[in-house]
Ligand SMILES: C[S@@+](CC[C@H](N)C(=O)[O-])C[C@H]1O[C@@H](n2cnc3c(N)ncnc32)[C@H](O)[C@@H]1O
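In the block that follows, a single chain appears as structure tokens, in the form predicted alone.
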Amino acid sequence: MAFSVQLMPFSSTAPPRCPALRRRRPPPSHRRNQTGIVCTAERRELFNRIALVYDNLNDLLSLGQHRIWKKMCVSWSGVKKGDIVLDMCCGSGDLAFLLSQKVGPNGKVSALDFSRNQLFIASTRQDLFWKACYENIKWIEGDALNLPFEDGYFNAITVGYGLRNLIDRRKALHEIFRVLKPGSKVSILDFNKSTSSLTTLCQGWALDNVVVPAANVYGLSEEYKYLKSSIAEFLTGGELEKLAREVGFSDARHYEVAAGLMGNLVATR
């Protein structure tokens, strides 16, 4: 059974069509900040370009293990039946679909991302793999640094491979803290910036010799080269815990996953 999905844009623009993946050079002021991190416009264009092959590459490069890590992420969020939850930086919707099944038809899932192409793929998957509970998902084109929700609105929040890509992680955590109910949790899955030189070496080798060549099959090697630098510019598990506590979370714990190649921060408001 299929049903139509309305994409709820954060801006006043219309819902997306299936767009051609074009390279558009952003204005100079939006390219890089002083630390060299790629800023919003350029990063959004990158995720728009890779949207059509994103899921296939995730399955290929992780040998399907990313699905297990995402189930762990959702479990750590403490989500339960009937909850109102947010998947921030939702991409093509993997975590949002898992949350939908957890909260059931009486719950609500808001799935927010800045990439219109990723949201189009997510809503297409919603139709293709239809389940009754998926009616509880609303796709929202919006800014993770200025969440369009009231204070204390959500029972749980997940973020999958998104915090690393935001130019102001402190503000992102402030926004997460603001829209969470007291006592609720955020669960943030991402690549781990390890303090182990061996893990870092193995991770770098895999990115250079497996990930980028695999992406090159789709003509996207340049797009995936950013992963290595984005991990190097990210925070270690200890630094993420410290930042979460500084923002106001009462408890924050970072768990290493997949032999330290991935990590998951769990913070309680």
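A residue's number is simply how far along the shown sequence it sits, counting from 1. Since the structure is predicted, the reported quantities are computational estimates derived from the model, not experimental observations.
Quick note: we don't show the form predicted together with this ligand, though the next part is all about it.
Student: Which pick from 154, 120, 97, 114 sits with a heavy atom within 4.5 Å of this ligand in the model of the complex?
Tutor: For this set of options, the contacting one is 114.
Student: Which of these residues, 109, 79, 186, 90, gets a heavy atom within 4.5 Å of this ligand in the model of the complex?
Tutor: Only one listed residue qualifies here, and that residue is 90.
Student: Spell out, yes or no, whether the shortest heavy atom distance between residue 74 and this ligand in the model of the complex is within 4.5 Å.
Tutor: Contact with this ligand, no.
Student: Quick check on residue 135: any heavy atom within 4.5 Å of this ligand in the model of the complex?
Tutor: No, residue 135 stays farther than 4.5 Å from this ligand in the model of the complex.
Student: May I ask you to state whether residue 166 is within 4.5 Å of this ligand in the model of the complex, using heavy atom distances?
Tutor: Output for residue 166 is yes: heavy atoms within 4.5 Å of this ligand.
Student: Answer for residue 103 alone: is it within 4.5 Å of this ligand in the model of the complex, judged on heavy atom distances?
Tutor: No.
Student: Though the partner is not shown here, which residues of 124 to 143 have a heavy atom within 4.5 Å of this ligand in the model of the complex?
Tutor: Contacts from 124 to 143: 142, 143.
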